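Just the one chain here, the form predicted on its own, laid out as C-alpha coordinates.
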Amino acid sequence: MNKAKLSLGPVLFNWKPETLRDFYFRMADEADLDTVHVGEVVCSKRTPFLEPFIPEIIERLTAAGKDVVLSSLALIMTDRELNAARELAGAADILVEANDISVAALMAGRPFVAGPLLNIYNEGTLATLEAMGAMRVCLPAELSADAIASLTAAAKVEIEVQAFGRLPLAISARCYAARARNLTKDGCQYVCADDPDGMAVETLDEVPFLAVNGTQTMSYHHMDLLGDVTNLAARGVGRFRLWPQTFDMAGVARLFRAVLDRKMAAPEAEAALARLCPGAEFANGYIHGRPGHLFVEPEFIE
(Lines give C-alpha, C1' and ligand atoms only; values in the text may rest on other atoms or scores of the structure.)
Protein backbone atom coordinates (compact mmCIF):
# COMPACT_ATOMS: atom_id res chain seq x y z
CA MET A 1 0.00 0.00 0.00
CA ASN A 2 1.35 3.42 -0.94
CA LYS A 3 2.05 5.88 1.85
CA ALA A 4 -0.84 8.29 2.37
CA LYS A 5 0.01 11.93 1.69
CA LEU A 6 -0.87 15.13 3.51
CA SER A 7 -2.16 18.30 1.89
CA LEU A 8 -2.73 21.75 3.35
CA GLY A 9 -5.83 23.36 1.92
CA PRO A 10 -5.92 27.04 0.93
CA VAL A 11 -6.39 29.57 3.72
CA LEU A 12 -10.12 30.26 3.67
CA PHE A 13 -10.07 33.22 6.05
CA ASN A 14 -9.24 36.87 5.52
CA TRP A 15 -5.82 37.08 7.17
CA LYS A 16 -3.57 40.10 6.73
CA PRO A 17 -1.36 39.61 3.64
CA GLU A 18 1.83 39.66 5.68
CA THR A 19 0.37 37.16 8.14
CA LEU A 20 -0.61 34.92 5.25
CA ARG A 21 2.86 35.17 3.70
CA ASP A 22 4.57 34.35 6.98
CA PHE A 23 2.19 31.44 7.55
CA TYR A 24 3.08 29.88 4.21
CA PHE A 25 6.77 30.50 4.80
CA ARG A 26 6.51 28.59 8.05
CA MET A 27 4.63 25.76 6.32
CA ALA A 28 7.43 25.61 3.78
CA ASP A 29 10.16 25.45 6.39
CA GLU A 30 8.58 23.47 9.23
CA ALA A 31 5.50 21.49 8.18
CA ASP A 32 5.70 17.85 7.05
CA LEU A 33 3.36 18.27 4.09
CA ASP A 34 3.40 16.89 0.57
CA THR A 35 1.20 19.54 -1.04
CA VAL A 36 0.15 23.10 -0.19
CA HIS A 37 -2.79 24.92 -1.76
CA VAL A 38 -2.61 28.68 -2.33
CA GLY A 39 -5.27 31.08 -3.59
CA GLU A 40 -8.47 32.91 -2.72
CA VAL A 41 -11.48 30.59 -2.60
CA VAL A 42 -14.15 32.58 -0.75
CA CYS A 43 -14.30 36.23 -1.91
CA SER A 44 -12.71 37.85 -4.95
CA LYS A 45 -12.59 41.21 -3.11
CA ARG A 46 -9.73 39.78 -1.04
CA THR A 47 -7.67 38.72 -4.07
CA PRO A 48 -5.81 42.02 -4.72
CA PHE A 49 -4.30 41.88 -1.24
CA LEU A 50 -2.99 38.34 -1.71
CA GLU A 51 -1.82 38.46 -5.34
CA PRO A 52 1.43 40.41 -4.79
CA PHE A 53 2.63 37.75 -2.35
CA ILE A 54 1.75 34.64 -4.36
CA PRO A 55 4.96 34.41 -6.45
CA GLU A 56 7.26 34.49 -3.41
CA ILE A 57 4.97 32.09 -1.51
CA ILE A 58 5.09 29.60 -4.40
CA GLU A 59 8.85 30.01 -4.73
CA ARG A 60 9.42 29.37 -1.00
CA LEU A 61 7.12 26.33 -0.94
CA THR A 62 8.65 24.85 -4.09
CA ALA A 63 12.17 25.36 -2.79
CA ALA A 64 11.16 23.43 0.34
CA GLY A 65 10.05 20.46 -1.76
CA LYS A 66 6.30 21.01 -1.49
CA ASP A 67 4.00 20.56 -4.46
CA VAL A 68 1.92 23.72 -4.94
CA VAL A 69 -1.67 23.89 -6.17
CA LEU A 70 -3.50 27.10 -7.08
CA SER A 71 -7.09 26.96 -5.79
CA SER A 72 -9.93 28.72 -7.60
CA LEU A 73 -12.89 30.69 -6.30
CA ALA A 74 -15.83 28.59 -5.18
CA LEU A 75 -18.47 30.86 -6.74
CA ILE A 76 -17.91 32.80 -9.95
CA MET A 77 -20.56 35.44 -10.61
CA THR A 78 -19.05 38.41 -12.47
CA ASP A 79 -17.15 38.95 -15.72
CA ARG A 80 -14.11 39.97 -13.70
CA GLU A 81 -14.20 36.72 -11.75
CA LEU A 82 -14.71 34.71 -14.94
CA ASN A 83 -11.73 36.39 -16.59
CA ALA A 84 -9.64 35.62 -13.51
CA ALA A 85 -10.79 31.99 -13.72
CA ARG A 86 -9.78 31.83 -17.37
CA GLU A 87 -6.35 33.19 -16.46
CA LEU A 88 -6.00 30.66 -13.66
CA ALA A 89 -7.08 27.78 -15.89
CA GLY A 90 -4.50 28.89 -18.44
CA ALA A 91 -1.61 28.58 -15.97
CA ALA A 92 0.54 26.01 -17.74
CA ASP A 93 3.25 25.52 -15.14
CA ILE A 94 1.21 24.79 -12.00
CA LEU A 95 -1.63 22.49 -10.99
CA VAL A 96 -5.04 24.12 -10.49
CA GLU A 97 -7.80 23.13 -8.09
CA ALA A 98 -11.30 23.71 -9.46
CA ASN A 99 -13.79 24.68 -6.75
CA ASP A 100 -16.39 25.83 -9.29
CA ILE A 101 -17.47 23.54 -12.14
CA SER A 102 -16.84 26.33 -14.65
CA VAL A 103 -13.13 26.17 -13.81
CA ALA A 104 -13.11 22.42 -14.46
CA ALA A 105 -14.70 23.10 -17.85
CA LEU A 106 -12.13 25.81 -18.61
CA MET A 107 -9.30 23.33 -18.04
CA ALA A 108 -10.23 21.75 -21.40
CA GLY A 109 -9.05 18.27 -20.49
CA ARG A 110 -5.78 19.28 -18.82
CA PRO A 111 -5.06 17.74 -15.41
CA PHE A 112 -6.60 19.49 -12.41
CA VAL A 113 -7.66 18.82 -8.83
CA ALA A 114 -11.40 18.56 -8.20
CA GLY A 115 -11.97 20.52 -5.00
CA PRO A 116 -14.31 19.63 -2.13
CA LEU A 117 -16.87 22.28 -3.10
CA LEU A 118 -17.78 20.47 -6.33
CA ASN A 119 -20.12 18.12 -4.42
CA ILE A 120 -18.85 14.72 -5.51
CA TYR A 121 -21.18 12.24 -3.82
CA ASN A 122 -21.44 9.33 -6.28
CA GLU A 123 -19.58 7.31 -8.87
CA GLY A 124 -21.27 9.05 -11.81
CA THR A 125 -20.08 12.50 -10.79
CA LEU A 126 -16.63 11.09 -10.06
CA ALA A 127 -16.43 9.51 -13.53
CA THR A 128 -17.58 12.75 -15.17
CA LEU A 129 -14.84 14.76 -13.47
CA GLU A 130 -12.25 12.11 -14.31
CA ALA A 131 -13.27 12.39 -17.97
CA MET A 132 -12.87 16.18 -17.73
CA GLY A 133 -9.27 15.77 -16.57
CA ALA A 134 -9.39 15.47 -12.77
CA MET A 135 -6.27 13.71 -11.54
CA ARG A 136 -7.18 14.03 -7.84
CA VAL A 137 -10.56 14.42 -6.17
CA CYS A 138 -11.14 15.91 -2.71
CA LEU A 139 -14.45 14.61 -1.40
CA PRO A 140 -17.04 16.64 0.50
CA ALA A 141 -17.03 16.14 4.26
CA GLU A 142 -20.51 14.65 4.70
CA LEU A 143 -19.63 11.19 3.38
CA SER A 144 -19.36 8.14 5.62
CA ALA A 145 -16.34 5.82 5.57
CA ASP A 146 -18.40 3.22 3.68
CA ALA A 147 -19.42 5.76 1.02
CA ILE A 148 -15.81 6.90 0.70
CA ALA A 149 -14.68 3.28 0.28
CA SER A 150 -17.20 2.83 -2.55
CA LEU A 151 -15.79 5.88 -4.33
CA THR A 152 -12.16 4.83 -3.83
CA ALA A 153 -13.03 1.43 -5.31
CA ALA A 154 -14.55 3.10 -8.38
CA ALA A 155 -11.93 5.83 -8.76
CA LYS A 156 -9.23 5.88 -11.41
CA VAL A 157 -7.57 8.82 -9.66
CA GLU A 158 -6.32 9.69 -6.18
CA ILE A 159 -8.99 10.29 -3.54
CA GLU A 160 -8.46 12.96 -0.89
CA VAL A 161 -10.46 13.32 2.34
CA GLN A 162 -10.77 16.38 4.58
CA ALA A 163 -9.25 15.46 7.94
CA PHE A 164 -8.81 18.58 10.08
CA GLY A 165 -10.26 22.04 10.59
CA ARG A 166 -13.52 23.89 10.20
CA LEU A 167 -15.27 22.50 7.15
CA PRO A 168 -16.39 24.62 4.19
CA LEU A 169 -20.06 23.73 3.81
CA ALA A 170 -21.59 26.30 1.47
CA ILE A 171 -20.91 29.54 -0.36
CA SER A 172 -23.36 32.38 -1.02
CA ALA A 173 -23.63 35.55 -3.05
CA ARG A 174 -24.45 37.36 0.21
CA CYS A 175 -21.90 38.31 2.83
CA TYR A 176 -23.07 37.15 6.23
CA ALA A 177 -20.15 38.80 8.05
CA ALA A 178 -21.10 42.21 6.63
CA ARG A 179 -24.83 41.71 7.24
CA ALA A 180 -24.17 40.81 10.90
CA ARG A 181 -22.62 44.27 11.29
CA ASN A 182 -25.36 46.11 9.34
CA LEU A 183 -23.07 46.60 6.34
CA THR A 184 -23.62 45.84 2.67
CA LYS A 185 -21.45 43.43 0.73
CA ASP A 186 -20.10 46.25 -1.47
CA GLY A 187 -19.33 48.32 1.61
CA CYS A 188 -18.22 45.46 3.82
CA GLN A 189 -15.06 47.18 5.12
CA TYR A 190 -13.51 43.69 5.07
CA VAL A 191 -14.95 42.96 8.51
CA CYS A 192 -14.42 39.22 7.96
CA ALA A 193 -10.81 39.91 8.97
CA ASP A 194 -12.09 40.43 12.52
CA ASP A 195 -12.70 36.67 12.76
CA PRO A 196 -9.48 34.92 11.69
CA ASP A 197 -10.98 31.47 12.39
CA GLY A 198 -14.56 32.36 11.44
CA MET A 199 -17.43 33.92 13.38
CA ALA A 200 -19.42 31.48 15.51
CA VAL A 201 -23.18 31.38 14.90
CA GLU A 202 -25.54 30.32 17.70
CA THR A 203 -29.04 28.95 17.79
CA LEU A 204 -31.79 30.82 19.67
CA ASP A 205 -30.83 28.64 22.64
CA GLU A 206 -27.29 30.08 22.42
CA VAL A 207 -25.74 26.82 21.25
CA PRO A 208 -22.98 27.33 18.65
CA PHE A 209 -23.59 25.22 15.55
CA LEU A 210 -22.04 26.95 12.52
CA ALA A 211 -19.36 29.49 11.69
CA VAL A 212 -19.40 32.31 9.14
CA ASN A 213 -16.45 33.37 7.02
CA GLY A 214 -17.61 36.25 4.84
CA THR A 215 -19.87 34.65 2.22
CA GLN A 216 -19.01 31.16 3.39
CA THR A 217 -20.85 28.91 5.84
CA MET A 218 -18.58 26.56 7.79
CA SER A 219 -18.90 24.00 10.53
CA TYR A 220 -18.57 25.27 14.07
CA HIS A 221 -16.80 22.09 15.12
CA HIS A 222 -13.35 21.26 13.83
CA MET A 223 -13.07 18.06 11.89
CA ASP A 224 -10.64 15.67 13.57
CA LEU A 225 -9.91 12.37 11.81
CA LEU A 226 -6.69 11.55 13.66
CA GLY A 227 -8.28 8.37 14.94
CA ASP A 228 -9.71 7.47 11.52
CA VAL A 229 -6.95 8.16 9.00
CA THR A 230 -5.27 4.74 9.23
CA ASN A 231 -8.62 3.01 8.69
CA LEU A 232 -9.40 5.25 5.72
CA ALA A 233 -5.94 4.78 4.22
CA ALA A 234 -6.44 1.02 4.46
CA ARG A 235 -9.68 1.47 2.49
CA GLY A 236 -7.97 3.27 -0.36
CA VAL A 237 -7.81 6.95 0.59
CA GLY A 238 -4.49 8.26 -0.72
CA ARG A 239 -4.39 11.75 0.76
CA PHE A 240 -5.72 13.76 3.70
CA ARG A 241 -6.38 17.50 3.75
CA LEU A 242 -5.74 19.80 6.70
CA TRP A 243 -7.56 23.15 6.64
CA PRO A 244 -5.48 26.10 7.91
CA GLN A 245 -6.50 27.66 11.20
CA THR A 246 -4.68 30.02 13.56
CA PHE A 247 -3.47 27.02 15.57
CA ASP A 248 0.04 25.58 15.22
CA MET A 249 -0.53 23.95 11.84
CA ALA A 250 3.03 22.62 11.62
CA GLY A 251 2.33 20.82 14.88
CA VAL A 252 -1.01 19.54 13.59
CA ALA A 253 0.69 18.19 10.48
CA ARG A 254 3.33 16.43 12.61
CA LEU A 255 0.63 14.61 14.55
CA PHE A 256 -1.20 13.42 11.44
CA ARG A 257 2.07 12.30 9.87
CA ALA A 258 3.08 10.45 13.03
CA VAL A 259 -0.23 8.57 13.14
CA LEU A 260 -0.15 7.71 9.44
CA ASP A 261 3.43 6.46 9.79
CA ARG A 262 2.45 4.42 12.87
CA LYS A 263 4.99 6.31 14.98
CA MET A 264 2.37 7.57 17.44
CA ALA A 265 -0.77 5.92 18.72
CA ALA A 266 -3.93 7.79 17.78
CA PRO A 267 -5.16 8.30 21.37
CA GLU A 268 -1.84 9.91 22.27
CA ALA A 269 -2.05 12.11 19.18
CA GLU A 270 -5.63 13.11 20.06
CA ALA A 271 -4.49 14.34 23.45
CA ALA A 272 -1.65 16.30 21.85
CA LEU A 273 -4.05 17.81 19.29
CA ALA A 274 -6.32 19.08 22.06
CA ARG A 275 -3.34 20.86 23.61
CA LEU A 276 -2.43 22.42 20.24
CA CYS A 277 -5.97 23.67 19.63
CA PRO A 278 -7.25 25.22 22.88
CA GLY A 279 -10.95 25.94 22.78
CA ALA A 280 -11.62 23.86 19.66
CA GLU A 281 -14.49 21.37 19.75
CA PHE A 282 -13.75 18.35 17.59
CA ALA A 283 -16.09 16.19 15.52
CA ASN A 284 -15.91 13.19 13.20
CA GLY A 285 -19.53 12.10 13.06
CA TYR A 286 -19.90 12.08 9.28
CA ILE A 287 -17.20 9.44 8.80
CA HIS A 288 -19.08 7.15 11.18
CA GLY A 289 -22.45 7.71 9.53
CA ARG A 290 -23.64 9.92 12.38
CA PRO A 291 -24.55 13.63 12.63
CA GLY A 292 -21.49 15.65 11.70
CA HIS A 293 -21.20 17.57 14.98
CA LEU A 294 -20.63 14.41 17.04
CA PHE A 295 -17.31 12.90 18.05
CA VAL A 296 -17.31 9.12 17.83
CA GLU A 297 -14.49 7.12 19.38
CA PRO A 298 -12.85 5.31 16.47
CA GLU A 299 -11.89 1.64 16.35
CA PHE A 300 -8.14 1.73 16.02
CA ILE A 301 -6.15 -0.47 13.65
CA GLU A 302 -3.13 -1.88 15.44
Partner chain sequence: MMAATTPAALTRPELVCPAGTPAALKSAVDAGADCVYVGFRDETNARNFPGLNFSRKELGEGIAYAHSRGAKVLVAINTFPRAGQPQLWHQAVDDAARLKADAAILADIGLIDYAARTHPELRLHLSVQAAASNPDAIRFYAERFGIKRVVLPRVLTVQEIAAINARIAPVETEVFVFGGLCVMAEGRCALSSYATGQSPNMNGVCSPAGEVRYTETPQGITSELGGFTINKFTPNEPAGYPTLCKGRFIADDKASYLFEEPTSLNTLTILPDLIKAGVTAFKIEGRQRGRAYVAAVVQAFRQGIDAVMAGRPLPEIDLDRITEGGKQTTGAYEKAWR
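Positions refer to the first chain, counted from 1. All values derive from a computational prediction rather than experimental measurement.
We do not show the form predicted in complex with its partner chain, though everything after this point is about it.
Peer 1: So, a 4.5 angstroms cut-off on heavy atom distances: do all three of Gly65, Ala193 and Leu232 pass it with respect to its partner chain in the model of the complex?
Peer 2: No, none of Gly65, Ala193 and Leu232 comes within 4.5 Å of its partner chain in the model of the complex.
Peer 1: Any chance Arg136 has a heavy atom within 4.5 Å of its partner chain in the model of the complex?
Peer 2: No.
Peer 1: At 4.5 Å between heavy atoms, is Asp100 in contact with its partner chain in the model of the complex?
Peer 2: Close contact exists here: in the model of the complex, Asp100 approaches its partner chain to within 4.5 Å, heavy atoms only.
Peer 1: Residue-level question: is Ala147 within 4.5 Å of its partner chain in the model of the complex, judged on heavy atoms?
Peer 2: Contact check for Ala147: yes, within 4.5 Å of its partner chain in the model of the complex.
Peer 1: I'd like to know if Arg110 sits close to its partner chain in the model of the complex, meaning any non-hydrogen atom pair within 4.5 angstroms.
Peer 2: No, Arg110 is distant from the partner.
Peer 1: May I ask you to choose, among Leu117, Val161, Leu226, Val96, the residue with a heavy atom within 4.5 Å of its partner chain in the model of the complex?
Peer 2: Selected residue: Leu117.
Peer 1: Along 203-221, which positions have a non-hydrogen atom within 4.5 Å of its partner chain in the model of the complex?
Peer 2: Read in sequence order, the residues that approach its partner chain (within 4.5 Å, in the model of the complex) are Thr203, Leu204, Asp205, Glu206, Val207, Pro208, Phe209, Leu210, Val212, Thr217, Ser219, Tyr220, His221.
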